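Heads up, the chain below is alone and in the form predicted alone; it's given as structure tokens.
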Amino acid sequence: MAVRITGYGPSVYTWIARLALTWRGVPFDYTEADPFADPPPEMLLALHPFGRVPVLQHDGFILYETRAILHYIARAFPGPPLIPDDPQAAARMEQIIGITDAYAYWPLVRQVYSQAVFAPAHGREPDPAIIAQGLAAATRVLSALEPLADRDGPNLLGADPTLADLHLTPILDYFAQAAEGANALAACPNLHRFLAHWHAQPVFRQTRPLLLPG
């Protein structure tokens, strides 16, 4: 039952896959591959025709696209359900994942986090214009997600975690590492409480990528 993740350390989507496997208690091997290399590594292209990460391998089964990987982890390995039985809850879970991928990832991670946090940590000057663009788009994203998050339960859909929690948590955390992102989240009590809950989880601290390796 060997499981391997091929990913890139700073990648938030690699973190999502690692978080899900660790939450499930699934041991896995990890292979680093830089999708931003020009050209991407041949070993990565052999697994993913577009040279992206993460890629999951399980006993000869190769799977890419983070959303598909999460669904596979939820169904292939034992543990508490991560996909609600209730059709409305399951649909809400998919809606949150869809919003995260389509509208949240780029402004929260690639614009705000990458410029405000990642760039200076690696000796590069941040671009204030890109940060401003990301924050402007983030306002609309957070306004859409805030009413979808449970007002009382610790997770997005109540007491029990779902794939939506595993998908959104790393992206919100990257955003909140920027002071501007933390301020924006502080104005969203449901999302703020949700992220604080996950910050306290041992699996979160165990899998969170280092900003600077070593």
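Not measured: the values here are computed from a predicted model. In this text, residue numbers run from 1 along the sequence as written.
As for the form predicted together with a small molecule, it is not shown, yet the points below apply to it.
Heavy atoms within 4.5 Å of the small molecule in the predicted complex map, among the stretches 177-185, 58-66, 143-151, 158-166, onto 58-66 alone. Taking the partner from the other structure, the small molecule in the predicted complex has no heavy atom within 4.5 Å of any heavy atom of Pro41.
Using a 4.5 Å cutoff between non-hydrogen atoms, Leu172 does not count as a contact of the small molecule in the predicted complex. Although the partner is absent here, Tyr105 sits close enough that one of its heavy atoms falls within 4.5 Å of the small molecule in the predicted complex. The small molecule is not drawn, but in the predicted complex it has no heavy atom within 4.5 Å of Arg92.
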